[in-house]
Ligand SMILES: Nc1ncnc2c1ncn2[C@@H]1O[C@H](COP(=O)(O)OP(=O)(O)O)[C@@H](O)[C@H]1O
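What follows is one chain in structure tokens, specifically the form predicted alone.
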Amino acid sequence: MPPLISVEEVSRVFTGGARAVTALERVSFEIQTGNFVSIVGPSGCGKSTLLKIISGLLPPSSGKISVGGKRVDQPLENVGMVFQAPVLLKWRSVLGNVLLPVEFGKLDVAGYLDKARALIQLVGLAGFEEMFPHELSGGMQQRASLCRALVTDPQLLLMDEPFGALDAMTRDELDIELLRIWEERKKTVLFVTHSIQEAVFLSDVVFVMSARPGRLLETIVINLPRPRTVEMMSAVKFGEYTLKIRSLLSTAGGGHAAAAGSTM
């Protein structure tokens, strides 16, 4: 079966300042349809840049990205994105924010109302449809952001440290919620995180990146049973995966940055 995402020898160099900065260097990997894949690496290693290139928001300096067998040379339409900040419009209700991609895509809003309300219920925000962002907690805002990313039923979900700014308990709760939604909706997810434990807990595959310029150090296949539970994090096998990834990052000079985010 051909991969949904193919990244071939992708590099990205930023110019315009005092000197050129190489963010990514010859990164190659494939992601199969329906997989949950995480990228871990130290700050500044190009993880977010890589997501932008895959989504078509940023061109690579060299190399090739394909999604669904088609080369990416413009912003993808069938993709949902979730960022560290919820980026909700403060003057719009939860329901109004969730429906934004429908309006931007010039789709029939009335035809998506039931789907939007079902997603809001799915993430535990039933009853909050008409509330405004300032009336919600950080975790609730991220739930709304996730609904917005899913409302047009994209094949691919790109998530850039979506829970990194939340407290540990809320983060754990949303990780479990995300897995529940993923198992129900069968989306392909590419998830960027600083937390090694979070990556192991969520993923089928973890890509470990080096410090800048970002290179792919190793691909770790996570052979842990699903559905995942919090108790699984105390298992010997879980610990072996986290130690292996930590060792790779430490050897590559990224140990401190990665360890700092390893809180679940």
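Everything quoted here is computed from the prediction, not taken from an experiment. Don't overthink the numbering: it's just position in the shown sequence, from 1.
Keep in mind that the form predicted together with the ligand is not shown, yet the notes after this line are about it.
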Heavy atom within 4.5 Å of the ligand in the predicted complex - the one residue of Thr33, Thr219, Ser43, Ser28 that qualifies: Ser43
Contact segment among 195-203, 66-74, 48-56, 223-231, judged by heavy atoms lying within 4.5 Å of the ligand in the predicted complex: 48-56
4.5 Å heavy atom contact, Arg212 and the ligand in the predicted complex: yes
Contact flag, Leu243 vs the ligand in the predicted complex, heavy atom cut 4.5 Å: no
is_contact(Ala23, the ligand) in the predicted complex, heavy atom dist at most 4.5 Å: yes
